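What follows is a single chain, given as structure tokens, in the form predicted alone.
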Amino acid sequence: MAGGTHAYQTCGCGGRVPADSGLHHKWWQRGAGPGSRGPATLTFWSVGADENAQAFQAAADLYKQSHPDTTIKVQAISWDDGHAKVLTAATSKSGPDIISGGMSWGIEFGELGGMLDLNDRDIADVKSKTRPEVMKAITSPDGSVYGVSMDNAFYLLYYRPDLLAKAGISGPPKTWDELFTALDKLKAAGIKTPMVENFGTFEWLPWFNWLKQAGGSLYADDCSKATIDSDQAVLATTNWARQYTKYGVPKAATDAGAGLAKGEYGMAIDGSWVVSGLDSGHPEIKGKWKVAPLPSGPAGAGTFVGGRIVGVMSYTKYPKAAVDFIKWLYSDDAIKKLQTEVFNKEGALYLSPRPELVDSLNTTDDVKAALKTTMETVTGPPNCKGWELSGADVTKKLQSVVNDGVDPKKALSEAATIMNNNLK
């Protein structure tokens, strides 16, 4: 039961009713939710690995125990062709009832008329459990919400305490100044590659961390114009570029775990999913590595958050049942089931939108602490018109600062022009 109590039962109307009130049984007996007319079988396309879909199937089977007339069949679709498949479903009005996908998919397919605006389905409780910055990223500029957050992925700083200690560094860097000092000391200690950066290596994604830490933004809050050419963005870009030009941070993706295990890298900025595979992939450093939040900039801490949304297709015959299942995914029971199943089937951590449930993950207290602290500082991608078109060109302008020595102010001014043109 939601909230871990057996005194109440989640109802399809978006609230909770006492389990012994009789109200619960009245709609239960009707089938998949209030207004449904019998058993319902829904198809859920889950983008990602087969093992991940199996974990969600286990959660759906748990859901069925309390909703016996609703059957959810989870099917995995790959990231490679998932977008094309959902686009076809959205435009042809034929396909699954529920989909998961990238954070921008809800807005994109919703604006095509392919997905339900969940604002019409009483999702206030779901919104209240989601970080405001994540909700903003998945909310259309007109306020529509075509998908809610299903899981999160963000950046962490991985490091070897023993390597840092040998270099005279007492702990992971907490600020930009401490980061650059640590890079100097690691290089002086003979580590040629003191740090690597993955998860969108040398693209706008990791640069976005620096932008947030400097207090900058990509667009004005109302999406009226690009703000990427601000003084804060210049400061962020200058320091982001410095790690490549002065310290030799690789511009191509690396195997952070292997490098840390061999002692070739002192630190690695990488995705939160790396936590899961370090011990199994490199048992020789089990107990010898740690994670920490990214160093803070002059405006404080900050990290980009990605992940998947989950939403309901507009043509489904079972909108109430589909929405009720999505709401249930935010319950304590669902999240703990997914934490267990994702770990057992994928060896991965399921990072739900609810940071307060990190404590029930199968990982160390140090990792839990880093995850919880970081989840308090996440910011999602912009929801402004044209960003999807602008991202690749913005990356090229950023790279020109490193590769060609272009002045950061000039590069960012050109990036702003691109973004403003795509806003029209």
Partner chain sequence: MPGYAMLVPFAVLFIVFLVWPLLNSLWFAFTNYNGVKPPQWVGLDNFQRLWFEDERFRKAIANSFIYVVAAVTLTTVLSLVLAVAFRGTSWRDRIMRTLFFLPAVTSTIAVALIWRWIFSVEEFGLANTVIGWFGIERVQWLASPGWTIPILVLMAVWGGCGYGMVIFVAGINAIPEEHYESARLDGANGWQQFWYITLPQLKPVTTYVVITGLISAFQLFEAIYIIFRAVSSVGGVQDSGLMLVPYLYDMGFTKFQLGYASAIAWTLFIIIFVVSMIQIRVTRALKEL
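Not measured: the values here are computed from a predicted model. Take the two forms, find the largest set of C-alpha atoms that superpose within 1.5 Å, and that set is the rigid core. Residue numbers count along the first chain shown, from 1.
Missing here is the form predicted together with the partner chain; even so, the following discussion is about that form.
Although the partner is absent here, Lys286 sits far enough away that none of its heavy atoms falls within 4.5 Å of the partner chain in the predicted bound form. By the criterion of a heavy atom within 4.5 Å, Asn403 is counted among the residues contacting the partner chain in the predicted bound form. Proximity of Ser217 to the partner chain in the predicted bound form falls outside the 4.5 Å heavy atom cutoff. Looking at Glu388, you'd find a heavy atom of it within 4.5 angstroms of the partner chain in the predicted bound form. Contact annotation: the partner chain lies within 4.5 Å of heavy atoms from the stretch 82-90 in the predicted bound form, the single such stretch among 151-159, 123-131, 82-90, 317-325.
The contact with the partner chain in the predicted bound form, taken as any heavy atom within 4.5 Å, belongs to Leu112 out of Ala188, Ala165, Leu112, Ala299.
Among Lys246, Lys192, Lys73, Lys136, the residue placing a heavy atom within 4.5 Å of the partner chain in the predicted bound form is Lys192. Contacts to the partner chain in the predicted bound form (heavy atom within 4.5 Å) from stretch 202-226: Phe202, Glu203. Once the rigid core is used as the reference frame, the Cα position of Ser92 differs between the shown form and the other one by 2 Å or more. The rigid-core alignment places the CA of Thr340 less than 2 Å apart between the shown form and the other one. When the rigid core is held fixed, the Cα atom of Tyr315 travels 2 angstroms or more between the shown form and the other one.
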